[in-house]
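Here we start with a single chain on its own, the form predicted on its own, put down as C-alpha cells.
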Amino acid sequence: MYPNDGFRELGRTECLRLMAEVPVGRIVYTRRAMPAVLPVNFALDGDGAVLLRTAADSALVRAIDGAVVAFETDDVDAARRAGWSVVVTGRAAVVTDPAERERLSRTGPVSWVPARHDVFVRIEPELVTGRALVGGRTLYGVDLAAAVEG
C-alpha cells in the first residue's frame, strides 16, 4: 500500500475477526510449478490458524502438506465501493495427532463436499496482512465514485 492510496491497513486482530465472518476463502498454492487458486470453505481455530477439511486422497492435500501457502478471504460491496481483503501466509500441514483430529471433528469446519476419508489441514498464520477500503473514499477525502464518473 502507498500512503493516501485510499486503503487502510488492518492489524492482525482485526484481520482474524473479519475472516471469522465469512465462510469461504481461496487457498493459493503451487501445482506443477504454477500458481493455483482454489475456493474452499474454512474455519479459524482459537489460535488464528486456518482450518480446512478435505478428502484425504485429494490432489490438494498432496500439493499443500508441508508447503508454504497463502490463504485469502474478502468481503466486497461493489455498490458502496467498500470492502476488505485479508491474506494469511504460512505452512500447511495435515493434522495427524489423534487427539487434535478428534477435537477438530467436533469443532472444526464441515466440508461442503463430504468424503469417505477426510483430513484436516492446518495453516499456521506466520504472516497476516489485510487492507480495507471504506465507503469509496481515499485518505485525501476524494470520492472515488465521483472521480470515476467525472
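Residues carry their position along the shown sequence, with the first being 1. Not measured: the values here are computed from a predicted model.
Below: the form predicted in complex with another copy of the chain, not depicted.
- Picking from 24 to 32, 99 to 107, 117 to 125, 43 to 51 the stretch near another copy of the chain in the predicted bound form, with a 4.5 Å limit on heavy atoms, gives 24 to 32.
- Proximity of V95 to another copy of the chain in the predicted bound form: non-hydrogen atoms within 4.5 Å are absent; the residue sits far from the partner.
- Interface membership of A56, defined by any non-hydrogen atom within 4.5 Å of another copy of the chain in the predicted bound form, is ruled out.
- In the predicted bound form, at least one heavy atom of V87 sits within 4.5 Å of a heavy atom of another copy of the chain.
- Although the partner is absent here, V69 lies within 4.5 Å of another copy of the chain in the predicted bound form, judged by heavy atoms.
- Contacts between 32 to 51 and another copy of the chain, taken as any heavy atom within 4.5 Å in the predicted bound form, involve M34, P35, A36, V37, L38, P39.
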